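Quick heads-up: it's one chain on its own, the form predicted alone, in structure tokens.
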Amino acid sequence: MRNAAGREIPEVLAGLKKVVPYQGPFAIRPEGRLTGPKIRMEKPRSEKLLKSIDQAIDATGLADGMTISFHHHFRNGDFVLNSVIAAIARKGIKDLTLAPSSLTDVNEAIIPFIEQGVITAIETSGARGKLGRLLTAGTLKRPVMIRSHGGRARAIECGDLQIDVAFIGAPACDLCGNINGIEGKSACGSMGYAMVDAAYADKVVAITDHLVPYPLVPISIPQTQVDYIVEVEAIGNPKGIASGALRISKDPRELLIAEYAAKVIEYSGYFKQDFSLQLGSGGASLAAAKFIKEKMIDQGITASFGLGGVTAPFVEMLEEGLLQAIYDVQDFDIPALQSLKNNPKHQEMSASFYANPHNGGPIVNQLDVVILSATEMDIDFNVNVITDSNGVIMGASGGHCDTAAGAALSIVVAPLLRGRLPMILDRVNTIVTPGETVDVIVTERGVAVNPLRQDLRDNLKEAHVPLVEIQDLQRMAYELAGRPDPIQLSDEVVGIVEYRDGTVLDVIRKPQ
């Protein structure tokens, strides 16, 4: 089948009961009702605290063929996922579906358990390094399912992704199972991705290294959703969880891209009192935050809210009164974590509140401006953030397509070349964000506006940025680096890129 993004999608894909091709960003009208976990009952003063992860695995009834989930707020400091899967392997449990909110480099430790058949399917936002290469090699029983953060929340809530046991790394937890992420030696900040898992999994195990007397306040995940608690020595390495304040780039190329992006925002028509914005954590995005902040001060403009994964520049803007509020699904640095703990205008939110397209209205729908990065783009404004130049999985979908669809102005920033490779192609290897939801592409050589947004092109004529056609940017890239050879791919599908509404946007085929 050819979908609305122009991709050929097989009519049958392992792991999907029915293959529904992508039809457009808002074409699907959902029906039915939300799913839910199994009903629980706890007698007064029952004991949830168990002695070990092994005991918790037994208590949940985990068995062959089930689905387990984890959250990635600990990033490369995570100890929970690896230790739990090692314990499961020791028990001889096999054929599990692993459904974490994302996988990071530290999770390479589970590769032997994939090879042994403990894990035979994975549904996640992305993977990198050795783990990404393993998934691209077709090692799993069925293709890896790639979902955005909003798409994952949707899949869990509607039952497309049914979780048997969720293992929640809990930076702070009391004896009844109330959890927050802002206290303890392994504090990670917002628990936004874990909230959906805890609310919908049949069984929930809290694993903590900071067990406190009842009651814990504030509460991110309530005791009503937690079945068992295990206290361990450490659930994460603080150095890998949150860095110090992320540094703004000093790279001249990134600074020029950031300057152009800030001017695009300024002249777009959306830069006005009470606008809203989301910025990434990359060098160019952080630099753009600096430029935008300066323009807000110069023009006396304040924003209604900042959104997404939170970094120090947003915190500074909140403290200086330039933002009225922050909505936070994940924290990237220590200033963000401390702000969530101390400032009532800094609000934690679930991944569903953030970006699930099939609820009463995710907050991305109220977003005016978002700045996004890219691995590669094409002349139809499609964006790839999941596979690299040789077709190997090396990134994550994250909230990319969610925010692009929801925002009034979606800006993708990227250099024209990376390591002598052009970043604007005839056709991206893998579509993660469809071009019809991308409004502007900003490079150091010029700014291209999607032909669907003639209104933006008209507004940007006074922005003093080099406006060019997307084809002109591609031609410049090819003149500088040459036209890249096409990736040689087999017919074997090793990954499915699901759009946020549950349709199939693209497939990842095994490189030859």
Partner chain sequence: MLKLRRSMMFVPGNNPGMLQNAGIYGADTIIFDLEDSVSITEKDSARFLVRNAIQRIKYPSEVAVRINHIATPFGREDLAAILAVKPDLIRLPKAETAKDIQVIDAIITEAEAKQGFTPGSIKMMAAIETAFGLMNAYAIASASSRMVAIAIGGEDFIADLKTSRTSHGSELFVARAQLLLAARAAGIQAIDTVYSDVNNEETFITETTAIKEMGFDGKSVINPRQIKLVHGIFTPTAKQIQQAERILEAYQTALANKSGVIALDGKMIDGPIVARAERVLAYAAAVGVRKEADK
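Just so we're clear, the structure is a prediction, and the values are computed from it rather than from any experiment. Positions refer to the first chain, counted from 1.
What comes next is about the form predicted together with its partner chain, which does not appear here.
Heavy atoms within 4.5 Å of its partner chain in the model of the complex are found in one stretch of 92 to 100, 411 to 419, 69 to 77, 366 to 374, which is 411 to 419.
The shortest heavy atom separation between R445 and its partner chain in the model of the complex is within 4.5 Å. Its partner chain in the model of the complex comes within 4.5 Å of a heavy atom belonging to L255. Mapping the unseen interface onto this chain, K345 falls outside it, with no heavy atom inside 4.5 Å of its partner chain in the model of the complex. At a distance threshold of 4.5 angstroms between non-hydrogen atoms, D426 is out of contact with its partner chain in the model of the complex.
With the partner omitted from this view, the residue of Y260, F381, Y354, F314 that lies near its partner chain in the model of the complex is Y260 [heavy atom within 4.5 Å]. For the options F332, F291, Y270, F305, the residue carrying a heavy atom within 4.5 angstroms of its partner chain in the model of the complex is F291.
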